[in-house]
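The chain below stands alone and is given in structure tokens; this is the form predicted on its own.
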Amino acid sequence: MAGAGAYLIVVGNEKGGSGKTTTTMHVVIALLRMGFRVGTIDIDGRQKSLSRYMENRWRMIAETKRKLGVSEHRVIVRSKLADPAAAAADEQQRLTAALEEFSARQDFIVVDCPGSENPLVRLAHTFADTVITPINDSMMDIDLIVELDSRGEVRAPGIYAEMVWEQRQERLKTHGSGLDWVVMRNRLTQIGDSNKRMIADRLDGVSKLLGFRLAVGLSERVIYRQLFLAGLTILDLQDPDLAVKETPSHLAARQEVKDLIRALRLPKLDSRLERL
């Protein structure tokens, strides 16, 4: 974080259902499998999807005695203060404290954001070294990045892109460094169509203007959702003690995750990628 010990990754998007927590899970487990120390922070104090995943993983370890990598985890629950301004300040103070605590002893910190905008989300983006924004191939998702007119032509930056730009400027002012913004096209189907091509063209066309890199994310696969309840990821299934007979679909999914990790261009990864 702007020269501090840990590198901060924020997974954010102001729309629900884009695959933020699934992305976060796989990034975290990939880093753990490469031997890094990882702290995770869930700032979705209502839904707590990442925290539920962590609970499932801890339960799996307790029940099976398997050696699975785990992160040090915190959840920023909603403040009980009645005054909205005081409540926001309380939550932001607890997030800042968690970031400072983790930065002293972790290599990476990964923050999972809710599908909405609030002061806590803005603060996390201000501290971020890398922002990962999963989006689905739909006009509703792309509208958060760039507004298009009825003909599909670019009209203006989307509301989320504007927020990232504002927090990037704040980071430059307060920390003297920028952030790496990666927009990943998630839940892609294997079938090509005109809508898919148009979205790819529009995002590619505005990427330099809005300051993000475009990456291919995770396909629409049932296995990603099924593993949530067991607290596992597709990367865990290759472990011999799980005794899982992997299918070609499993292998393809694991390759997707590996490709995503490479595309993020995180520091200190090159010499450890073979561990995935």
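Values in this document were obtained by computation on a predicted structure and should not be read as measured data. So that there is no doubt, residue numbering starts at 1 and follows the sequence shown.
Beyond the structure shown, there is the form predicted in complex with a small molecule, which is absent from this document and is the topic of what follows.
Screening 213 to 221, 33 to 41, 232 to 240, 247 to 255 for residues having heavy atoms within 4.5 Å of the small molecule in the predicted bound form returns a single hit, 213 to 221.
For the candidate spot formed by T126, T130 and G178, no residue has a non-hydrogen atom within 4.5 angstroms of the small molecule in the predicted bound form. Interface residue among R187, R74, R168, R202 relative to the small molecule in the predicted bound form, by the heavy atom within 4.5 Å criterion: R187. Residue in contact with the small molecule in the predicted bound form (any heavy atom within 4.5 Å), chosen from R225, R46, K65, K208: R225.
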